[in-house]
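There is one chain below, alone, in structure tokens, taken in the form predicted alone.
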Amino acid sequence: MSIKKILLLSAVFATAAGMIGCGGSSAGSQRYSENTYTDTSDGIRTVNSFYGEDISPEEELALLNQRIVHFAYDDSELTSEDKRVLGVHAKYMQDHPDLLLRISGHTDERGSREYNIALGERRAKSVERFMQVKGVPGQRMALVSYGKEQPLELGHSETSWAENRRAELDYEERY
């Protein structure tokens, strides 16, 4: 998907989130897609049910704009923050059946090429499994492991290595 399309989708989503946050009845709760929106006593509308916790439409948009989850050294386990991010992406995929998702796994520069390809694949599969649990069909996701071949940071420090231990989410339109 091109940057232009991503920006357009973000703008559409931001507009929808703004309309949800500003308009509507004062009856207490409202249904929008699969989310339930609840007006709190202080006038703040929150999103609940799908994510297992209340989040605002603004936070939902911020999480949707995060396309990278990071991993600890030699690990493929998702953190609770990663799960929050991926939960929003899973919901987005359910709301947009015309989209496909490519999940790419990456590692830092340490270790052999073969080991890092396998670790990158485990990281991508970890994201895929979570998305499937949240209802995204496996046939709408494609996995690829780049191992250490596509670093974000070229340095040789823990800071650089931490940035490179990741899985990236890239949306594509179904043709």
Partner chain sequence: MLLRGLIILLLSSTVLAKPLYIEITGGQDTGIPIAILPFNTKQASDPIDRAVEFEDIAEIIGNDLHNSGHFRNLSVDDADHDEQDLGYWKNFGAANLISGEVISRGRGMYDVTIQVMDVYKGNHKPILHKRFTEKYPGQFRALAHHISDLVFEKITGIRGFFSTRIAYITVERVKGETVHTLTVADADGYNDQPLLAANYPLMSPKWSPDGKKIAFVSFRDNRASTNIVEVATGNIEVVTKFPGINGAPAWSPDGTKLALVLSKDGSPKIYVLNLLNKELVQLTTGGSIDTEPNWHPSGTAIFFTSNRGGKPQIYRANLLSGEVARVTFQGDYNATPSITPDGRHLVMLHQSSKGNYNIAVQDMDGSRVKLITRSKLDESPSVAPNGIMVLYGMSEASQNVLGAVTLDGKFRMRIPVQDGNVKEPAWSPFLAE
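All values derive from a computational prediction rather than experimental measurement. Positions refer to the first chain, counted from 1.
Below: the form predicted together with the partner chain, not depicted.
- Checking Lys125, His70, Arg140, Lys134 for any heavy atom within 4.5 Å of the partner chain in the predicted complex turns up a single hit: Lys125.
- Contact check at 4.5 Å (heavy atoms) against the partner chain in the predicted complex: all three of Tyr115, Ala118 and Glu121 pass.
- In the predicted complex, the partner chain lies within 4.5 Å of some heavy atom of Gln150.
- The partner chain in the predicted complex comes within 4.5 Å of no heavy atom belonging to Ala62.
- Among heavy atoms of Arg110, some come within 4.5 Å of the partner chain in the predicted complex.
- At the 4.5 Å threshold, heavy atoms of Phe130 stay clear of the partner chain in the predicted complex, well away from it.
- If you take 134-149 and check each residue for a heavy atom within 4.5 Å of the partner chain in the predicted complex, you get Val144, Ser145, Tyr146, Lys148, Glu149, in sequence order.
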